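For this one, two forms of the same chain are given in structure tokens, first as structure 1 and then as structure 2.
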Structure 1
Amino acid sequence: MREIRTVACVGAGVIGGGWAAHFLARGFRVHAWDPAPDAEEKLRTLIDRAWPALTEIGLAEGASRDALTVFGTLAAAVEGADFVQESGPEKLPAKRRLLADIDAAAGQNVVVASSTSGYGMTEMQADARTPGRLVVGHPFNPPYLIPLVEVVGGELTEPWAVAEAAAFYRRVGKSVITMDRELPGFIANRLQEALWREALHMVANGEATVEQIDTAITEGPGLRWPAQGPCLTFHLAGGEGGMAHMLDHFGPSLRSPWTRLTAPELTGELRDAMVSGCAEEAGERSIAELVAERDRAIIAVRRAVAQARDRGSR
């Protein structure tokens, strides 16, 4: 694995900016580029807001926000970078063009990873001259706090690029799933999407409010998932018989019409209901205040789970 000291973040929105904050906190130099005219101002604001949370969980030696340089061109940002994290718009033609441009500008054998939330690398790497070094490195928002990264290559990706990307992410403190094959939406987003679709159905049909849905998760199954996930959770639901008993006993309920995984039509009425519901739940809290609240909660949950596991292993 090559020595990585400088990371280029191409795209500096919520995800790209979150990546930049994470890499800075891990002690790397970060080169950033985004075509938006106010990109640098927004990026530095995002990093400033994330820095207290990053400081609380621990900065790497030498970590500094001053290690960020924002460039005026993509080529300048990528030049000299040892690893590239692309976080451009989630539109396939744009992804193909952007990855091809990065591939043309990046140094030889530098891995280029995409933060795409759903596209497969096979369809994104089609226009690249050296597609073997292109991989998916799919994070979860916010990338500076959520450890998960799903790594998978495309049909033209070389195995060494997948291995190097996974090793680098682990080095910077990420929990990596190296997927065996491409899957639209990857693993986490497919699970999240199923829950999201059912939530939209319930709001559309007047069966639950936005706040009731959020409370049902934060005060219900969401409390179990950080520790053991849905599969082990149901394993415990089977008592001493474990998953086998759970499936034998509750398996018939899978045929019950509890869920509707087909997405509902996003009508104007449903859109307005979701927007107004979130505004009502947020109350007087601004987006910045909600982000800070979320970050504090994530840190607390991660620490609590780590402490519980540590006590259990003694």
Structure 2
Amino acid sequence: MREIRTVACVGAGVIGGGWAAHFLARGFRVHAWDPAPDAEEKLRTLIDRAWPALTEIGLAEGASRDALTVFGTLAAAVEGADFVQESGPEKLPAKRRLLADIDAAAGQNVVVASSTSGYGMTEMQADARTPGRLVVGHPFNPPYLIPLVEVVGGELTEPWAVAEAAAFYRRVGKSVITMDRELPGFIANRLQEALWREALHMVANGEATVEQIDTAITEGPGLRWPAQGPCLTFHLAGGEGGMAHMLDHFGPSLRSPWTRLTAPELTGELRDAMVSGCAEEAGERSIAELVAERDRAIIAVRRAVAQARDRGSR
């Protein structure tokens, strides 16, 4: 695998800038480019604001904001880089053009990853000359603090590029989900987007306010999700019977109009997939152990959030 010392960040808005902050904190040289006239100023402000958090987490040896260089052209930013992270506007024609331009300027076998929120690489790589090195590397905001990166290639992507991107992200402290097939919105955004769209419907219909929606999450299920995802959460809602009891008990609710999204039919096959998936994820942890872990986590999360808010108000 190519040794990576310099990362090019193409597009330096909230996501591209967040990536730049992350790579700088991990000790890399960062080459940035963004066509907006005030891009450099905004980028440096974003990095300055992120730096206290990054310092608290712990900077890599030699990490410095001085390792950032902002270039006047895309080609100049990309040509000396060992890895390229593209975070341009979320419009398909623009993505396709930008990725083709990056591909034309990048060194041989340099992996080019796109931060796209949901486009498939197959549709984005169409105009590139060497599409085999183009992958999706989808982060969450802020990329310097949220570990998740979803990695997936397109039809023309070569397996080595997917493997290299995943390995690189892991090396810089990310939690990587490598997907073996393209899916619009990937995994996390499909889940998050379903929730978001329901929220928009509710506001549009006067069913709830923005603040009620946020409170419903921060004081409710949002407190469980950092520790246990939606599946394991419901595994515990079933008591000692776990996911099996939960689906048998609450299964009929899936036909209730509790959201505008219609549920799939709860076939025996789906039920069994959920049950065995939870068993696999739980591993050797019993329901009692998972409950204890969840309870410790919720208490700690509530305290952590309260302290973080409190520090801000002083």
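Numbers follow structure 1, counted from its first residue as 1. C-alpha atoms forming the largest set that superposes within 1.5 Å between two forms make up the rigid core. Predicted, not measured: the structure shown is a model, and the values here were computed from it.
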{"property": "Correct structure when looking for the form predicted on its own", "result": "1"}
{"property": "Hinge candidate matching the rigid-part switch between the two structures, set 26, 229, 247, 260", "result": "260"}
{"property": "Rigid-body rotation of the smaller part between the two structures, in degrees", "result": "180"}
{"property": "Core-fitted comparison between the two structures - CA shift at residue 301, Å", "result": "5.0"}
